[in-house]
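Shown next as structure tokens: one chain only, the form predicted on its own.
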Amino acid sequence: MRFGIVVFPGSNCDHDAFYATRHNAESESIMLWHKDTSIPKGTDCIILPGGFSYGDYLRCGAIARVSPIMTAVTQHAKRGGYVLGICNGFQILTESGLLPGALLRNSSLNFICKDIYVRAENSVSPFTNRLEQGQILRVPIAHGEGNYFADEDTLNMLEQQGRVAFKYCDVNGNTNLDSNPNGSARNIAGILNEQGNILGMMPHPERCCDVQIGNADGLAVFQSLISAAEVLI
């Protein structure tokens, strides 16, 4: 399994993703530059990491979506390759039209940085096959624009098609206003594209992959990808 991690000007979670995939998940991992126009052959999953690409000018992800590398990322996804967008990466995916909806300012209008809980809504995708449906994970968030928004028809479609990967919840798995840190519609924390090979999520699984820091819940996302890739071999 080879991961390719895109580095944009302003990325700050690229090395977290590199460590999580290379050391914690024990997979090959390479860094890709935003000005690259191609993706090395044999790269299975592209990670668009968290941070503040291009300083979040205009809108979060609005400039990153026209980076040279994004043409190659889109082609990779159309070929069935995996793409994982985390936090700012999720914002880039919605700006690029690779995922529906948009990420708005947090309902509190404050930047939020803390551990939260998410509930796995899907246990069969390439990103969640190592999880049980309903499994609760403790994962950190760090964002000011994580409020997922889509119209009602899109939200219904995502739910009906099993494309909601994660929802914000409390420690007992309850999804309610109190367990929603940013105002996201229907407590949505992560969604899949129609083909199931693209995941965008606001929480940071790469920051909780090591028992030495007291939490390895996020490792299951990367282990799921490894399992999915092994099936294809």
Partner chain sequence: MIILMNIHYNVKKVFSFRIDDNMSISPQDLHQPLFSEVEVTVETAKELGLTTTEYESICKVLDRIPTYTELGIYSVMWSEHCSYKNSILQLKTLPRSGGRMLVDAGEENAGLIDIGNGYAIAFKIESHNHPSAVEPFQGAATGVGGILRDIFTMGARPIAALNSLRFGELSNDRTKYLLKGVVHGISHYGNCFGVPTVGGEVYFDNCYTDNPLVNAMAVGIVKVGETCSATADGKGNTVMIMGSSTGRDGIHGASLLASREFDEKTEDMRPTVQVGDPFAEKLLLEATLELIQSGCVTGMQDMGAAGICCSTSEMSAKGKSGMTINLDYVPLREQDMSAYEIMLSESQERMLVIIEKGKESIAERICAKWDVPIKAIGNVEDDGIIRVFRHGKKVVELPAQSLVLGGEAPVYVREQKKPDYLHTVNQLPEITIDPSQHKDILLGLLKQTTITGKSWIFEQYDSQVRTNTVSIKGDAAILRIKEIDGFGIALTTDCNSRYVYVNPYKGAMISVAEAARNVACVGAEPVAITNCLNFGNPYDPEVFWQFAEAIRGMGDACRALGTPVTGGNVSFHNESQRHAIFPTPTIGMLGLIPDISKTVGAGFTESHAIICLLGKQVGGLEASETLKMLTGSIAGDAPYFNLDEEIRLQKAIIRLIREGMILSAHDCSEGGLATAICESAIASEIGASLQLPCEENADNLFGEAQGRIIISVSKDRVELCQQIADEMNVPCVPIGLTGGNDIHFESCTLSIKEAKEAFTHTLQNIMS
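Numbering follows the first chain given and starts at 1. Treat the numbers as computed from the prediction; the structure is a model and nothing was measured.
Omitted here: the form predicted together with the partner chain. The next part is about that form.
- Of the candidate stretches 159-167, 89-97, 119-127, 138-146, only 138-146 contains residues with a heavy atom within 4.5 Å of the partner chain in the predicted complex.
- For K35, a non-hydrogen atom is located within 4.5 Å of the partner chain in the predicted complex, even though that partner is not displayed.
- Among residues of the shown chain, K114 is one whose heavy atoms approach the partner chain to within 4.5 Å in the predicted complex.
- By the criterion of a heavy atom within 4.5 Å, L225 is excluded from the residues contacting the partner chain in the predicted complex.
- Among residues of the shown chain, Q75 is not one whose heavy atoms approach the partner chain to within 4.5 Å in the predicted complex.
- In summary, among the residues G55, P68, P40, G173, the only one with a non-hydrogen atom within 4.5 Å of the partner chain in the predicted complex is G55.
- For the partner-free chain shown, P9, G10, S11, N12, C13, H15, D16 of 1-18 come within 4.5 angstroms of the partner chain in the predicted complex, judged by any non-hydrogen atom.
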